[in-house]
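Just one chain is shown here, as structure tokens, and it is the form predicted alone.
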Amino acid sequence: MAEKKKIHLAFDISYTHLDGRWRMPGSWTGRIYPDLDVYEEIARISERGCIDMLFFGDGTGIPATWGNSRDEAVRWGIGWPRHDMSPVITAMSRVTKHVGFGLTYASTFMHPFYVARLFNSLDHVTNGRIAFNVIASSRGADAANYGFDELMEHGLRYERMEEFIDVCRALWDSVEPDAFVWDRESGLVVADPAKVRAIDHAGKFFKVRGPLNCVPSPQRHPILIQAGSSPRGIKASAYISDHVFARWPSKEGKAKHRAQLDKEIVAAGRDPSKIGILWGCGLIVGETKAEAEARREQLLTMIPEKAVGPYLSHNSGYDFSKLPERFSLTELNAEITKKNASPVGFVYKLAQTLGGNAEISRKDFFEHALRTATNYDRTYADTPAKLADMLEEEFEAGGSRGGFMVVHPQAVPRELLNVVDLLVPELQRRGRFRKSYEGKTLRDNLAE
């Protein structure tokens, strides 16, 4: 019998202190963000469970799309505060040896030389455990902080992203791995200067001479992660990613996404078998089903109704405060797309769920939005055995390459402890999850 393919697991801890999660039972007990002790505890728990990676999404603006004001977001802690997590990752890496770290920057706003240099340094600090989650931002509040009056057009954002990564890759390769000799007797640092080369990039968005003024890092290139789900986004994922971060569609949707991705990967001249998908879902693991489901119901109490609109407007890039009492979801999504926000966000998915040219009331719309804002609609609550059954089935449906990103845990560290102490042993018993780390780098571990 063939050995079962291993499932990879990552924890998305981007929102542990946001959107009401900080106040849930078992979360940040006796602590206030950004207490470093909590993050070091998260890292130790994750390494004990042989988790592949801790993932940090990011945003750099305070939501201000709802009613053209940031007041409600400020009031309820929606999408803010958020610190740059690169120093936090440094601290977490010092109390662990194996677990990886995913850090997010937007190619829409950042410059590739700065980012390539930063990730080279972080790869050294973590001893080869860093991943770069590159995003095309659709958030107006972020754009305004980088001097943009409006969002860049959707397709153009991906063009910029692809060139951004081209520059980063060239910079990471601009110094040969064996260039440095550090000869104490002669004083030579680099014996052959030809091993340090300019890249002389001049493209549509960037002009960069290079080379990178750094020692090549343990992984040479960090693991690259991208989460595009539109047709254009999937094409970018195929060009960029070592692993793809994807939302949670049906089993049929997973198979379709995998097939579309594989087609684009082949078109890009790459090997589909080497690129995994980490499907994002919430998991609440309980010793009994009733216990787990009761905790899932608590999700709907995380944020007040007043905070749902600001949350959704920020993440969709559209001001939902202007909605009439009744409207067409298809027409609304067309308006959102015109504003250069994401064409496959919440409204698009809701329209698909309800079917046809669905009409909806404002009240019902925000009731659906609450389930999305609290991650209720992507959270599965059950016993370890039942959740392991589900993950195995979904893993097979998605092509058995990659695994799962446990997104937006309800309460940290409580939910992470339950995954590590209850679910991981169940997956290990089934031969679906590692019992120890075999590789030296994050790239090695994700390739297992």
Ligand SMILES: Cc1cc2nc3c(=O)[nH]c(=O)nc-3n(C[C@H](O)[C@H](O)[C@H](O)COP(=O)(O)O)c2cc1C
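Residue numbers here begin at 1 and follow the sequence given. This is a predicted model, so every value here is computed, not measured.
The same protein also has a form predicted in complex with the ligand, omitted here; what follows describes it.
Undergrad: Is there any non-hydrogen atom of residue 260 lying within 4.5 Å of the ligand in the model of the complex?
TA: Contact with the ligand, no.
Undergrad: May I ask you to check whether residue 342 falls inside a 4.5 Å heavy atom distance of the ligand in the model of the complex?
TA: Contact with the ligand, yes.
Undergrad: Taking any heavy atom pair closer than or equal to 4.5 Å as contact, tell me whether residue 139 reaches the ligand in the model of the complex.
TA: Yes, residue 139 lies within 4.5 Å of the ligand in the model of the complex.
Undergrad: Can any non-hydrogen atom of residue 361 be found within 4.5 angstroms of the ligand in the model of the complex?
TA: Judged by the heavy-atom cut-off of 4.5 Å, residue 361 is well away from the ligand in the model of the complex.
Undergrad: Which one, 73, 130, 246, 168, lies within 4.5 Å of the ligand in the model of the complex by heavy atoms?
TA: Among 73, 130, 246, 168, a heavy atom within 4.5 Å of the ligand in the model of the complex occurs only for 246.
Undergrad: Just one of 151, 122, 277, 135 has a heavy atom within 4.5 Å of the ligand in the model of the complex. Which one?
TA: Exactly one residue meets the criterion: 135.
Undergrad: When the ligand is placed as it is in the model of the complex, are 16, 101 and 282 each within 4.5 Å of it, taking any non-hydrogen atom of the residue?
TA: No residue of the spot touches the ligand in the model of the complex.
Undergrad: Using a 4.5 Å heavy atom cut-off, indicate which stretch of 85-93, 305-313, 220-228, 328-336 touches the ligand in the model of the complex.
TA: Careful reading of the contacts points to 220-228.
Undergrad: Even though the chain is shown alone, can you say which residues of 168-199 have a heavy atom within 4.5 Å of the ligand in the model of the complex?
TA: Contacts from 168-199: none.
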